[in-house]
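A lone chain, given as C-alpha cells: the form predicted alone.
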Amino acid sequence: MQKILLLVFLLSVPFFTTMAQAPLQWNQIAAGVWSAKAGTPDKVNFYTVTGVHPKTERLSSMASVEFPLPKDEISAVIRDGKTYLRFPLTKDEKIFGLGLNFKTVEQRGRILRLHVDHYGGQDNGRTHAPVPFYVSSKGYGVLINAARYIDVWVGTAVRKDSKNPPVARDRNTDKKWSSAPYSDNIEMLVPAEGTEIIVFGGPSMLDAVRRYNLYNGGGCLPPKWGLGFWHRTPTRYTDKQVAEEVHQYEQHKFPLTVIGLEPGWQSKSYPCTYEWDKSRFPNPEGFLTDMKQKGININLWFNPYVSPDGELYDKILPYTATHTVWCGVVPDYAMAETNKIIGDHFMKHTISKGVSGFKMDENDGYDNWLWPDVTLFPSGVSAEQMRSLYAMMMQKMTTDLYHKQNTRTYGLVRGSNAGASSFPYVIYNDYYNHPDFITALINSSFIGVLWTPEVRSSKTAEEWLRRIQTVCFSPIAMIDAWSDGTKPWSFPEVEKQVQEMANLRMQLIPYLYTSYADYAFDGTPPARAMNLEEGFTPQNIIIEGQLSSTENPYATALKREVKDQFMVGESMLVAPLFTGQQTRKVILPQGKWYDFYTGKFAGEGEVITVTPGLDIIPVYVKDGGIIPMMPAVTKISTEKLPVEIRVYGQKESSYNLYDDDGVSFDYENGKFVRVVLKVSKDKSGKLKGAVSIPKGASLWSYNEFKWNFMTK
C-alpha cells in the first residue's frame, strides 16, 4: 500500500518541477557585447585558457547597438547536471557558423554535436574547430562559452508551446506537407551544470563577427614572410636535401619564404622527442643560419605526445595523463609546470636556434588515436574539456614563447575553438576535396579561425593548377610535399601558369598584409564569406525534393548555397573553378564590379557567366577598389620596394595601406604607419590619386608609389 501511495505521489508531481529554471541576468561586458550566466558554469572555459584581452577601445568606437534579441525568449534550464538552452528564430532568419564546416554554409535545419575531431566527410559537428558561435542574418552573434560536446538543433526542434507553431498537414492529401515543419528556435544541450552565454550586437552580420573577433583580442597579424610561398619537404629529408630543394626553387626563379620540415627532423617521432636527428641534421644551428641567410624561414612539424627516449620524458612525466598515445605520454597543458618544462625544451632545441614556427599535428581527433574520455589529467580538467581546449593550449604556449622574444610566428594547427582569433595559426587537415576546401574557407570567416586549402598532389595538370590558383588567395600559400615530393613544376605543361600565380601572391602582399592588419585591429576576417559582404543578396532557392521510396522517402527539400566564391581583403572577389569546370556563374553584389586583370566592367548586382580558360582564376574588384601591389620578388627582405596602386572603376575612394617592420610585436606599441591612398575627381571628372604619409613617419617597406588606373 505504501509503495502505491508513493507512486501516486510521484505521478502527481508536475514534470517541470524537476527542472530548475536558470534566470538570466544580462550584463554589458564591452560595447555591444553582453553576458549572462546560467547555473554554475565550469571554471575552465575558452577564455580562461586563451587568456586574451578584448580590444575594448576599438569595440567602443563601433556603432552603438541595443541588445539584439528579445530577452524573454532566451531561456536556460538546469536538469540532471545538464543545461538546456533556447534562443528565438524568426521566419526568414539564416544562421551561419557553428564550426568549420566543409559542405554547408547556412546551418538552419541542421543538427550537430560540436566535438573537436578530424573532419570525417560529414557536417555533423565533429570538426577541427567546432566553435559554438553562430551569427544571424539579423545582425547578431551568440557564443556558448563552454568547452564541452554541445548538441545543437538549429531550427529543427518544434515545441508544443511555440509562439509560431507550424500547421499540421496531411501527408496523403496536402502537397505542402513537409518532413521538416517550421521551427522558431535554436536549442542546445550543454553537458554541464551551467554555462556563460555571450551575445554580440551588429548592426550587420560583419559587425557581429568583428565584435566577436575583437572580444577575442583581435585577429592575428602574421609576420610578412608568412604571407609568401611555403613548401613542406618529404618526411625524412636531410639538411642537404632541403638545401637542394631551396636551390631548385632558385633555379626555377620561384618564390619561396618558408620550408616546412616533417617528422624526420626529430630523433624520434610518433611519439616525439622535439630534438634534432643528428644523422639528418648534424649541425642544426648551421643549417638554420644558412637558411635564414637565403631568406628561408623554417617551420617544424610535431605532435603533442612525448617519447620515452628523449630528455624531456622524465621531466614531464609527473604532469601527464593516465593514458598514452602511440606509446607517448600526454602532457597536461592546463598546468603551469607543463608549459614551463616544454617551453624551456622548445627554446633550447628550436626557437633559440632560429626556428620560425611550428606545424602542430594530431591534437584534434581520431577517436582510436586520441586519449579516450575516461582519461584523467593531473590538473583535474576532464578529458572532454581537454579535447575541446588542447589545441588552443598548445597555440597559446608557443605563441607566448615567440612573444617573449618579440618575434612574430605563423604556423599550422589541426584544431582550434572559440577565443583563438589572435593566435597566429592556420588550420589544415588530411581531407582533400577541393570544392569542400573553399566551403571551409568561407565558413572560417564566421568563427574567428583561419583555414588553408593546402596543395599536396593532383591527378592532372588541370587539377594542379586549379588548386594552386585557390591556395594563392588563402591564408597560407603552401605546397605540402611530405608524402610524394611534388614540386611547383611537377606538371611542366602548366609550370608557367603556376609560377605566375605564385608571383601574383607575392605581388599582393601589401594588400594581404593590410587585410591582416584590419583583422588584428578591427576584427575583419581577411578572407570572408559573400554573406558578410554589403550588398550581397543572393536568391537562396529551395529545391523541392522529389518523393522516392528509397532515396528520398520524405521528399526532403534541398537548399542552394553560395559556397564557391569569397571575398579577400576589402575589395577583391575570388571565384575559383574546379577540375573539369570550364564555365561558372559568379554572383556580383550590388554596385559595379571590374575584372581584376583588365579593369574592364564585369557587371553590377547580377549573376554573370564566365569562361576564363585554364590560366585564369576569376577575380573581381568593387567600384573604387584600390589594390596596392609590389614587384614579384622571390623572398621577403628588408629592402624597400616600389608600390603599384591599382584603381578600379570610377568611384572616389580611399585605402589605408598598412606598414610596420614585418617581424616584431612593436606594432602593439604604436610602431606602425597607415599610408592614406586617396582617389578623387578633378573638375573635369577625371580620377587622380594622392598619397598621404603621416608627418614625421618613415616607412619600413616601400620607397615610391605609382598609380595605375585600370578602368579606362
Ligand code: GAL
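The numbering used is simple: start at 1 and walk along the sequence shown. All values derive from a computational prediction rather than experimental measurement.
If you look for the form predicted in complex with this ligand, you will not find it shown, but the lines that follow are about it.
Hey, in the predicted complex, is Trp482 touching this ligand, heavy atoms inside 4.5 Å?
The answer is yes: Trp482 has a heavy atom within 4.5 Å of this ligand.
Would Trp301 show up as a contact with this ligand in the predicted complex if we use heavy atoms at 4.5 Å?
So Trp301 counts as contacting this ligand.
Taking any heavy atom pair closer than or equal to 4.5 Å as contact, tell me whether Glu244 reaches this ligand in the predicted complex.
Flag for Glu244 set to no.
Is Asp400 a contact residue for this ligand in the predicted complex, using a 4.5 Å heavy atom cut-off?
Asp400 lies outside the contact set for this ligand.
Looking at Tyr594, Tyr212, Tyr428, Phe96, which has any heavy atom no more than 4.5 Å from this ligand in the predicted complex?
Here the answer is residue option Tyr428.
Of the residues Pro612, Pro263, Pro191, Gly603, which one places a heavy atom within 4.5 Å of this ligand in the predicted complex?
The option sitting close enough to the partner is Pro263.
Using a 4.5 Å heavy atom cut-off, which stretch among 158-166, 277-285, 361-369, 499-507 contacts this ligand in the predicted complex?
This holds for exactly one stretch, 361-369.
Partner contacts for 390-409, taking this ligand in the predicted complex and a 4.5 Å heavy atom cut-off:
Residues within 4.5 Å: none.
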